[in-house]
Ligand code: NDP
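Given next, in structure tokens, is a single chain: the form predicted alone.
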């Protein structure tokens, strides 16, 4: 039988990096069957056994950091330094998940309350079984590992379907895990196109899907999951806003804004796409931003557009923005496949596709606002709700603005910094998806709550859950509840 294959290409050169099998539905079913068996063994190790093995995996990935970064560079085109940074962040998340799973998910006593004073109440979080992870190409180590490491730490086996643009990275992550944990196929990778991911989502033995990708694709994955009522965590796109307040350090804000918008060629779900600057600092901010942008070069400071089809979207947004707004840097000629030079356009109408739709390229729209409140209102006027940034010299106002942003995450006087804090949850709202990875919330995302109440002693004269219950026993309950809860608070 001939196995169909597909090629992984270097987006900067078009050369073939490697060929990988197109795993069909039968191959996916076989992988899930192996994972189902491995999951029982993995769960049986307990938190201590899994912790040791995950820390071993972390050490193996760390030792292979340079080689893995080179592979990420080949498959995505991003600079090796940027690939190294994302792998380092992934390593810190593996470490946090391994060290904190027992504390977050292990059994603990909870108060039964006055009415349940004769009970002992215990809560713990148990593994789901097999978790399917469908990963993206823009951060092929950091992003999927935010699901993989936490699902593994929670006691599940994982079947991972990486993007067809970065299959080699996904294969290597599973190979390194097998070096650390050779006993069972607890973490497997299946490669292929959309059909492979659909087969994974439709398998009834997969107890949860963790998906990262576009909002449109998330809806298709949800439809596949709905066939078996399989729950899902979705981390989708964003149109993240950057607010510069009147007392912000404009030099620091411009530096952070540019990096947040242009790093990884703007192919970052939590990257900066919309900038709102209070009038008092607009001119100095724009000077600082444009001066810095002039020194950043595509192909040197950031790589190519990894997914060729995205170039059409980026060009459409640039064309529309430059027709209606004022070009500060770059323009329509900035698109020179596979690269896109930095583009900054100001005064773009809020109904423009460049403002409303996710661009996923090295472009920025900038708008002047009369104050921070107007900036906040414009920032929140979007279907997306992933992340945002606030630069302000007033700590209290900065925190208030960050809190009021309708996003899952925010950074203050820094950009995308929440992603480096392993204890913070990562995820959005609205068209940016639902559910959380990372932190304690990320561990619980891949576990099921188990509640156990044990009677320690019977309460005399209070046979409430018995057909032998007497009227006076119910009356005692009413008096108790009235005493505990019947008084209005003033």
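It should be emphasised that the depicted structure is a prediction, and the values quoted were computed from it without experimental measurement. Positions refer to the first chain, counted from 1.
There is another form of this protein, the form predicted together with the ligand, and it is not shown here; the text below is about that form.
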### Query
Which listed residue (197, 155, 361, 304) meets the criterion of a heavy atom within 4.5 Å of the ligand in the predicted bound form?
197
### Message
Considering non-hydrogen atoms and a 4.5 Å limit, which listed residue (212, 392, 189, 382) is close to the ligand in the predicted bound form?
### Response
212
### Location of the ligand contact in the predicted bound form, chosen stretch of 289-297, 116-124, 93-101, 216-224 [non-hydrogen atom, 4.5 Å]
216-224
### Message
Just checking whether residue 285 would be counted as a contact of the ligand in the predicted bound form - the rule being heavy atoms within 4.5 angstroms.
### Response
no
### Query
Taking 4.5 angstroms as the cut-off for heavy atoms, does residue 338 touch the ligand in the predicted bound form?
no
### Task
Would you check, heavy atoms only and a 4.5 Å threshold, whether residue 137 touches the ligand in the predicted bound form?
yes
### Message
So in the predicted bound form, is the ligand close enough to residue 57 to count as touching (4.5 Å, heavy atoms)?
### Response
no
#### Entry: the ligand in the predicted bound form - contacting residues of 408-440, heavy atom within 4.5 Å
426
